[in-house]
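Presented as structure tokens, the chain that follows is alone, the form predicted on its own.
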């Protein structure tokens, strides 16, 4: 693991190189910290991304670029019907329609692409990749994003599974006891009481049903040359107002990558991340010399500072929601942090994949 002083030197040198253009070949030997230094490949992701980081590092070893590696990694989660927070099987909006969001950045080319409120395509990260590669735009939304995906050959599919449909029906039935919907127990269906699984315990407190499930996967990578990429993909806050867009498809919020510095991404309450330009803030803190973990903590402090709404704070004035950040810098240093204790993230260092405990601001009671 490199020192922070090495990272500052590397970042500063890379910035000069970017300003002046590529260094002549004869000068490369004189700046090993910028050009010649090899980095141990590292991939970090949210806690649901253990398989994703493993796949990403494998893809990298097989010759994939950093952006191809992270996208193929998150595709595993997008395709998983048992992960109800991302892609296929994702929990729908209040009308029962699954709307997906994704954004990504490729460090070496400075490329970026994103889609929001996309319906009918289980791998929105692939559509975002096509936006980056084949258009002069960075973000396509709604029907326009859907038409673009069709034009690029992506297959239109029904993204609701029986499980996600049943959970939406039960949520709808519990909105009011004065409407025409019957709960599953009233109708004789054996779906069970509405209770979200423990992994959604960081959801936003809601007046109807306790905790609103929300989940996402962010994945960030650095290769042996110090090149970086990042991607975030999600089905967003469950039962949201149709058209609601969180931080995931917003470049600089849900993820951000600067090939001179590092990459970062987020999960949790998207509105809080948007308001503080969260992932961009993490990268800028790393540019100033902070270790990735410290940079994540500083970005979380900003969220705490600007959260002034009573409905979003507990009795001690602290956020009643969670936000998680994950980051890796150009030297291969990595870290993750959350507002509240108990969170974990996934990391793969040169093929060794595992979960790590996130740093945090506040201890859960």
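Numbering follows the first chain given and starts at 1. Note that this is a predicted model, so its numbers are computed, not measured.
Same protein, other form: the form predicted together with a small molecule, not shown, and the subject of what follows.
Judged by heavy atoms within 4.5 Å of the small molecule in the model of the complex, the contact stretch among the candidates 112-120, 129-137, 164-172, 267-275 is 267-275. Residue contact check for residue 248: one or more of its heavy atoms lie within 4.5 Å of the small molecule in the model of the complex. Put simply, residue 215 is close to the small molecule in the model of the complex: some heavy atom of it is within 4.5 Å. Within this chain, residue 234 lines the site of the small molecule in the model of the complex, having a heavy atom no more than 4.5 Å away.
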